[in-house]
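Shown next as structure tokens: one chain only, the form predicted alone.
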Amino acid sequence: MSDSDALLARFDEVRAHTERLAAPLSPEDQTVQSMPDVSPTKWHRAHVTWFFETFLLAEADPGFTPFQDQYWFLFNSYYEGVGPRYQRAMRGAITRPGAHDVGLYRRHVDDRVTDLLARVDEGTLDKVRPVLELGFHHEQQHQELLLMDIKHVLSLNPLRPVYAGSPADPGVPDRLRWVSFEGGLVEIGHEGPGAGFSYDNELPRHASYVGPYRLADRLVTNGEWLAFLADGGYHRHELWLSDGWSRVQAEGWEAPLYWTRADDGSWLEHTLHGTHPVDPAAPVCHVSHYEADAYATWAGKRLPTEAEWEHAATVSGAVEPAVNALHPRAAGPATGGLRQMLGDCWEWTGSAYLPYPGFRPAEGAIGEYNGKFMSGQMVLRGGCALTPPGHTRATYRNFYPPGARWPVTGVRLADDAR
């Protein structure tokens, strides 16, 4: 298979997966924006298409003309270098183009990318390959966001609709164990182009000192979180960071997002499979950094730093699960090593999202992808049950504001090994 054929096959697979994720949704489902952080499904479908049109076709196709002049305004997310954009909090007001018309836009751009890859020479192919690769991973990010966002949309419907599938059988709770690491001067960060794809924020690879530490062998479970609730965790100011305590009071947090009380006093959890009793053995998810930190304080532990997390994931040989689910599952039997490091919940770390030493963003608008968000965010690691297969790795740095709860975020405890 030629390089262009391989890239085209990858392009087709990524694009088709987005459409498979949107397939269970009606046009009405795809239009709703349930809060400013959530984007409508059809917007995700259009935005990732705009990305290929803007950064690939407009740059590499000599005869380029946009599919529709106003789409660049409607579906630009945050790229100031490209031009003005429609305000994020009002994306749900865009009833036109509808979901069907977005599908026409996608097919048009797909056809033009196919045509481009069929006729480019080797020199042009080498030039566009990094943009294509970034576009693949960008669309995979939005596949995850599409699912997180429609989960929030459907959670507000009193009919408790199911997106797809059915829940796993309840797991068997097990005792939390600890895995120790000697620490020292460790290398973190991606090794560069020869080691496969990475985002710019994973570079450059550099030395970081970590003291001896321990990580919990699995994520904190719903059952353990229920004990935190029973001990007044959401009502004890001494457990919380100041900003977190203010958020608890202002928004009336009493439990993780998507947990509700049943008439008999038990807890129910909304998932993409519908609303079901909380599984005590499954990882707690949809908790903010503030909640994760408060729980760690309550447990007499702390959150891992991102250097600790990456070092542990690397030396333990963490691998993705064979099949991604639509909801995190129980850890399964203890192995003596770390469990659930990849593909269950994005794990909050205690590290602020900052540039690595020597970080340099790319030139032009594409350089806005990560660097300009390095303020007011916390780092998460590990991917989640909604992350597309093949998209995560030990060096992957995700980031969200500390109050974010709608991502699939969970908690792994750490402490100093003495």
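From 1 onward, residues are counted along the sequence shown. If you're wondering where the values come from, they're calculated on a predicted model, not measured in any experiment.
Heads up, the form predicted in complex with another copy of the chain isn't pictured, but that's what we're talking about next.
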Stretch in contact in the model of the complex with another copy of the chain, which is absent here, among 250-258, 329-337, 171-179, 80-88 (heavy atoms within 4.5 Å)
80-88
Could you check which residue among G317, P277, G223, P161 gets a heavy atom within 4.5 Å of another copy of the chain in the model of the complex?
P161
From T124, N157, S266, T114: within 4.5 Å of another copy of the chain in the model of the complex by heavy atoms is N157
Please state whether all three residues E28, Q68 and I94 have a non-hydrogen atom within 4.5 angstroms of another copy of the chain in the model of the complex.
yes
Against another copy of the chain in the model of the complex, would E368 count as a contact residue? Criterion: heavy atoms within 4.5 Å.
yes
Any chance Y290 has a heavy atom within 4.5 Å of another copy of the chain in the model of the complex?
yes
Distance check, L354 to another copy of the chain in the model of the complex, heavy atom within 4.5 Å:
yes
Please determine whether L104 contacts another copy of the chain in the model of the complex, using a 4.5 Å cut-off between heavy atoms.
no
Could you list which residues of 183-205 come within 4.5 Å of another copy of the chain in the model of the complex, counting heavy atoms only?
L185
